[in-house]
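Heads up, the chain below is alone and in the form predicted on its own; it's given as structure tokens.
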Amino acid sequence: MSVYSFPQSTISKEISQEFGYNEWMVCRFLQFVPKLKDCLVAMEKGLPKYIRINTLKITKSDLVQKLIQKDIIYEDTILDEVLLIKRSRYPIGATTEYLLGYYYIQDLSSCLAVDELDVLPNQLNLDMASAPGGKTTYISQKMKNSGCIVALEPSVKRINALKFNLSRCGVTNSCIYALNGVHVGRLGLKFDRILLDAPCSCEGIIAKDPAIKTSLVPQKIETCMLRQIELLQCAIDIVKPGGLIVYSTCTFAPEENEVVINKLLSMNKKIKIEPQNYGEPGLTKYGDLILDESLVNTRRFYPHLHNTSGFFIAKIRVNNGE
């Protein structure tokens, strides 16, 4: 399908001028982002800072003591390994503890995607778009460095960052392939768990890149959507029966989120969408599209509601049905 367009209005014009967005984006946001102005205000303030404790190298209690010694103020979050950094006299990416791999700077929403993957030790798991390695290192942490993680990254330049972070965090159970996810079938492997944090239009991280407000065009959303469908179908084809796929994006666009999952549901009778613990329910209606009712089990995250980047997670179980 093409990207939905919605009529302009006095409200969309006022909001687009106030926050510096292309009006076509605001028209769309008004259809599905709750309390839109609050959301845009939150993105103007910037993203909160989270760190994920790397239990491959240090316990939570030991790291907390080191943070206290550095006068770093933190708060616990809904995930035991993730801390919200409220105040720090030092850049959190320049401490000795960071360089030693005791923690990884990672948004809570990103960590939730891995948490929903229900990873167990000694599995064979796949990260389909792995650089720079935040989710890969968290998967390894949950596997206790056992089994094997296959990490795919088509960009040789980005592989350098991936290697660095895997090494820094003490990951020893990974294999890196310079391979586009659409070609993963060439490996001839079947996986217990697959994470697809898909390339997307990045509307949810405008706080990091304000240029998206005016540079994003509808064609990019449509291009991303088609690529996401292809990647996700590849994942479905190579997961073991009974296995689990987590699909995530950092965009608000329903075309890249619920519409993608809706398309895959129509193409595959053996998949179902499982419920999750956190976030806002996914959309079951968009424009004049009526989507599968099970999409209520997908989850949306908004900066003003969840204190995270804008994010989407779908938890997909592949059963034994033919």
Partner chain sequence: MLKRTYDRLGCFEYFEGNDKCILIKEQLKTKVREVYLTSESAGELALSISPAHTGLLIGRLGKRLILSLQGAEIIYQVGRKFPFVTVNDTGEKLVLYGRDVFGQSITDASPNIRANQNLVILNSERETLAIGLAKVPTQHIFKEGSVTVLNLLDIGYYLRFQAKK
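Not measured: the values here are computed from a predicted model. Positions refer to the first chain, counted from 1.
Beyond the structure shown, there is the form predicted in complex with its partner chain, which is absent from this document and is the topic of what follows.
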Using a 4.5 Å heavy atom cut-off, which stretch among 240-248, 79-87, 221-229, 156-164 contacts its partner chain in the predicted complex?
156-164
Answer for Leu99 alone: is it within 4.5 Å of its partner chain in the predicted complex, judged on heavy atom distances?
yes
If we define contact as a non-hydrogen atom of the residue within 4.5 angstroms of the partner, is Gly93 a contact of its partner chain in the predicted complex?
yes
Taking heavy atoms and a 4.5 Å cut-off, does Thr172 contact its partner chain in the predicted complex?
yes
At 4.5 Å between heavy atoms, is Ala178 in contact with its partner chain in the predicted complex?
yes
The listed residue (Lys49, Lys263, Lys57, Lys272) that reaches within 4.5 Å of its partner chain in the predicted complex by any heavy atom is Lys57
Assert contact residue (its partner chain, in the predicted complex, non-hydrogen atom within 4.5 Å, options Leu216, Val182, Ala207, Cys148) equals Cys148
Identify whether its partner chain in the predicted complex is within 4.5 Å of every residue in the set Lys66, Gln69 and Leu187, based on non-hydrogen atoms.
yes
